[in-house]
Structure formats: C-alpha cells, structure tokens
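Just one chain follows, in the form predicted alone, and it is written as structure tokens.
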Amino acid sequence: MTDFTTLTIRGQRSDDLEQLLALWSNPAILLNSLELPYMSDDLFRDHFANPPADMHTLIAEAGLASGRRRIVGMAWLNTIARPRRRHVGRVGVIIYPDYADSDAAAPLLEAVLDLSDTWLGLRRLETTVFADDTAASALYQRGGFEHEATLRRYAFRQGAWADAWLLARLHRPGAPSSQDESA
C-alpha cells in the first residue's frame, strides 16, 4: 500500500515513543523479530527514550494524503564496543507489513548504510534474519549483504525451532559501491 505522498528519513525524537511502540507491537513484526519482542511498555520506553551511546536509530515517516504524518518503519545500528570488533555494526530494520512492498524499506536501509559508511566508518555490518523471511533477506541483499552462515535451530518460533541466516556486508573505502555499479 503506497498511500503516502512523501517519505522522510530522520533521527528519532522523544515524541516518537507511542508510534514506535505501536510499530514494535505489530503481530507480523513480532513474528519475525530477533530482538527482545515482548518488552513491557516501561522497558520499551526506557530502552528507546534513553538509548545507549552505541545505538543509532533512524525513523521512516510517511506524509499521508490527509496531511498527517505516520511512522512506518524504523532502523537501528549498534556499533560493537569490544576493541577487536569496533569496525563492526549490527543492523535491524522493521517496517509495517502494509508498507513493506512500497518504497519505504529501501531508503531506510540506504540511510543506515550511509550512516555506517560515511559517518561511523564501519567496515562490516551484520544482521540476522529468519531463513523463511524472504522479504527481509531480499531487502538486505539489495543493500549489499550476503549470506554468510546458517544458524540452525536459532530460535523457538511458532511452536518449532527455526533456522536463521547471518547476513554480512563489507565496506571497502574507495571501492565502487553497489549503487555506483548499477548507475
């Protein structure tokens, strides 16, 4: 569904918490979440109102035809503080299922990649997706992520063990990016 007229990618604001809680509580997002999916409202507010210094959050906000604004997605990038892994970041992207096929997910991921490459100077990004989540896998692969490992019996989901994939993307400063090659 593409009923938005404009899409804005921006940083998180303190007045976003209610809309972010609604996004995070969506049953389809909870099903594919590899984060702690059942946070209490208070724990959620504390986690996102006071994010740790190594967490960067971006928001996809749609301008609707009615003139209102709605948060339709969120991405986060956690840098790794351990000395031997300071060049690595962990990425996550969630988006409302009714906007997943629209033009909202790709710009959100592109903004996170720009943050990583241009501003944080990270060399490696990692993410984990369930093996049957083809939409998330395709989104990350369009962003340059490649399948690196299969994590067997990664999580108990819907009454059975589910496999997950570790996807990774390497950034080589000075090398042509996947966007440059497609131009």
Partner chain sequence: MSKKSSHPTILIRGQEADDWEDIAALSGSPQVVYHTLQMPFVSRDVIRERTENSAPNRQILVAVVGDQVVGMLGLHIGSGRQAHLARLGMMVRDDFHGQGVGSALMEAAIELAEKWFDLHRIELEVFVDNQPALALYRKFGFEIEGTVREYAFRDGEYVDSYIMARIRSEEQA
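Every value quoted in this text rests on a predicted model; they were computed, and no experiment measured them. Residue numbers count along the first chain shown, from 1.
Heads up, the form predicted in complex with the partner chain isn't pictured, but that's what we're talking about next.
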{"item": "The partner chain contact in the predicted bound form: N50, any heavy atom under 4.5 Å", "value": "no"}
{"item": "Close approach of R142 to the partner chain in the predicted bound form, 4.5 Å, heavy atom", "value": "no"}
{"item": "Contact of A149 with the partner chain in the predicted bound form (heavy atom, 4.5 Å)", "value": "yes"}
{"item": "Non-hydrogen atom contact R123 with the partner chain in the predicted bound form at 4.5 angstroms", "value": "yes"}
{"item": "In the predicted bound form, the residue from A138, L64, A131, L34 that sits within 4.5 Å of the partner chain by heavy atoms", "value": "L34"}
{"item": "Check all three, R13, L43 and L113, heavy atom within 4.5 Å of the partner chain in the predicted bound form", "value": "no"}
{"item": "Residues in 77 to 93 with any heavy atom within 4.5 Å of the partner chain in the predicted bound form", "value": "R82, P83, R84, R85, H87, V88"}
